[in-house]
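Here's a solo chain for you in structure tokens, the form predicted on its own.
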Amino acid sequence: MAVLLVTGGSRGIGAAVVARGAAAGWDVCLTYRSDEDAAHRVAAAAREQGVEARAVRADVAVEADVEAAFAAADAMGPLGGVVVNAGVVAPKSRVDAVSAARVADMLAVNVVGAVVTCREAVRRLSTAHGGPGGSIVLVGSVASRLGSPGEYVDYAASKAAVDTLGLGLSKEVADEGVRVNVVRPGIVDTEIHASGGQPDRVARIGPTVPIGRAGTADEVAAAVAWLLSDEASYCTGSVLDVTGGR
């Protein structure tokens, strides 16, 4: 099986994607920014599935870190899939209270990091570069179409950029053996809400979702795993909402 690179794979949706990928037989290279112990636990759990797994420290806002992560994946074998998952959210704020520094930091991770990750993926996967083809899945957010007013419009805007990146790139490399799709989670029970200063967000919003609850990281990972698989061979340029109807 080829190698799957998952950015932001130490927790939440990323960790669930690593677990799903390992169960499907992918060798996995996952990146983390700060929680080394969590990343190595995720990699160890993947290895229990009988695959090779490696955790690499990388801040996707730093171009050299992204390049190093891909080099680490290359050392494991031929790349076959990339999940662009690493992302950050800032504390709840109206637009009239945000600083330029906050927005720049968020865009550096959520947008610039995503573009550079896709660049490195295409350089390895595209038949135009001598690659074997493969699949790229970007993890966006339903915030891109809801706007997140009164919470973090800047985050929503960054995830709208991810939607557009996926749509444009999918057309750019469609005839080069590379499929590119976007998964947009809704309210999902992960640590990202606490990191954004709203630890009660899942409990508060979950019951208002049409399906009646928040989603799980594994439910999102299932959608990502399907798009990575050959079962999704005719899907490219798709934006798949995993939102419970929100």
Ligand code: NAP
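Because the structure is a prediction, the values reported are computed rather than measured. From 1 onward, residues are counted along the sequence shown.
What follows is about the form predicted together with the named molecule, which we do not show.
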Worksheet item: Looking at the named molecule in the predicted complex, is some heavy atom of each of Ile13, Tyr32 and Val188 within 4.5 Å of it?
Response: yes
Worksheet, complete the sentence: Checking Cys118, Ala86, Val173, Leu79 against the named molecule in the predicted complex, the residue with a non-hydrogen atom inside 4.5 angstroms turns out to be Ala86
Worksheet, complete the sentence: in the predicted complex, the residue from Val182, Val60, Ala53, Val178 with a non-hydrogen atom within 4.5 Å of the named molecule is Val60
Practice prompt. Tell me the stretch among 151-159, 69-77, 95-103, 123-131 that has any heavy atom within 4.5 angstroms of the named molecule in the predicted complex.
Written response: 151-159
Discussion item. Under a 4.5 Å heavy atom criterion, is Gly21 part of the interface with the named molecule in the predicted complex?
Written reply: no
Item to complete: May I ask you to state whether Leu107 is within 4.5 Å of the named molecule in the predicted complex, using heavy atom distances?
Response: no
Discussion item. With a cut-off of 4.5 Å between heavy atoms, is Ser141 one of the residues that contacts the named molecule in the predicted complex?
Written reply: yes
Fill in: Those residues of 207-246 which, in the predicted complex, come within 4.5 Å of the named molecule by heavy atom
none
